[in-house]
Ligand code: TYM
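Shown below, as structure tokens, is a lone chain in the form predicted alone; questions about how it binds or moves come after it.
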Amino acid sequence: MPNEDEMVVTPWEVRGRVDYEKLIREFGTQPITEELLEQLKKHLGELHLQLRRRLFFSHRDLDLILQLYEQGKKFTLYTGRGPSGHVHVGHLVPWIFTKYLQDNFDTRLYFQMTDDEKFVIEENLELRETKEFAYENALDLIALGFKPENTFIIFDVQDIGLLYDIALEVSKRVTFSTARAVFGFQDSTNIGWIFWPAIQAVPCFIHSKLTGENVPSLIPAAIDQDPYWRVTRDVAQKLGYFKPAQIHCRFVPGLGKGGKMSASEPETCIFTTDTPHDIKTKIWNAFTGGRPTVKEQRKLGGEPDICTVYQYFLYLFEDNDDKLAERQGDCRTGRIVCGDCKAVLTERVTEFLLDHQRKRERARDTVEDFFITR
């Protein structure tokens, strides 16, 4: 019988209790040190809460990116979305951080909508659906305040003519043996899935094709996507490009017990399209670190470290570090109970998403201004 706490982290599945230090060792990445944070602070001023609270915890060549930047070499940003459904709050977290980097380093973002990947991987999705989700997901990106002058959204199916020559160059230099070792491909894996990592590599290098300027790229993303960049880094210099650098974030937990937020468990996700009623219902049914009764909570205190409600404050909905620490202390000592935190979080998430939904609808008028083939 499988152990529900056993850690499984791949680009397509995350489950179990995630040991981030173990992932750093297994993936061969580097931890973000205090020294690196100080170096970032020189360029960013006040550090974003996702850096201060170590939500971004690991990297590849971030130190090299900063070294090149200090020498006058700019870089681009690259991240993306696999459009298999509506966007949830967990997806927004690294996008908000990406905008923070873009604003402070004044750089371009190439954002890849992988409608092709989701079609070849997800048996229950039609290509028409993944393309529609890609368009809808783009509205969520734009609603966060990105600007068309330096943000370029790539829709893989629509833009394949722009991507294909670089994808071919990458694919020619990656053996099936390597791909199978990295991604675990089987004899039953369809060939679209096997080729697709070559397409995901393209935005690392697309800036050079569009502008003639060869600069490195920095990829803010969850660490489960790291295997793609390991393969890309292996071929980058053979093609005359810089190796892409990465900065990895932790997984935003769902509102259930254990695991990252996943659209496959919609009752544990807060989607950007949810109504205030949906939001309240999901938060009030969330798994917490509280005791079975209010009396026990007052006496023994709660456990914020395992509480999904507290994690929402940590990741997005409490910018003030002192207030977050106060909430944590009040939970541990029983001065507050779970209903207190749920009420505050419901109010903050509802306010945030109602504003986001208004901006999302306005984005329908400008979305084509962000297309890379505009």
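The structure presented is a predicted model; accordingly, all values stated were derived computationally and were not measured. Numbering starts at 1 and follows the sequence shown.
The same protein has a further form, the form predicted in complex with ligand TYM, not shown here; the description that follows concerns it.
- The closest non-hydrogen atom of D224 lies within 4.5 Å of ligand TYM in the model of the complex.
- At a distance threshold of 4.5 angstroms between non-hydrogen atoms, M261 is in contact with ligand TYM in the model of the complex.
- Though the partner is left out of this view, R81 does reach within 4.5 Å of ligand TYM in the model of the complex, counting heavy atoms only.
- The shortest heavy atom separation between Y100 and ligand TYM in the model of the complex exceeds 4.5 Å.
- Q112 is the sole member of T76, T268, T151, Q112 with a non-hydrogen atom within 4.5 Å of ligand TYM in the model of the complex.
- A heavy atom within 4.5 Å of ligand TYM in the model of the complex is found for one listed residue only; from T288, T130, Q200, Q297, this is Q200.
- Partner contact region in the model of the complex: 249 to 257, out of 273 to 281, 233 to 241, 300 to 308, 249 to 257, criterion any non-hydrogen atom within 4.5 Å of ligand TYM.
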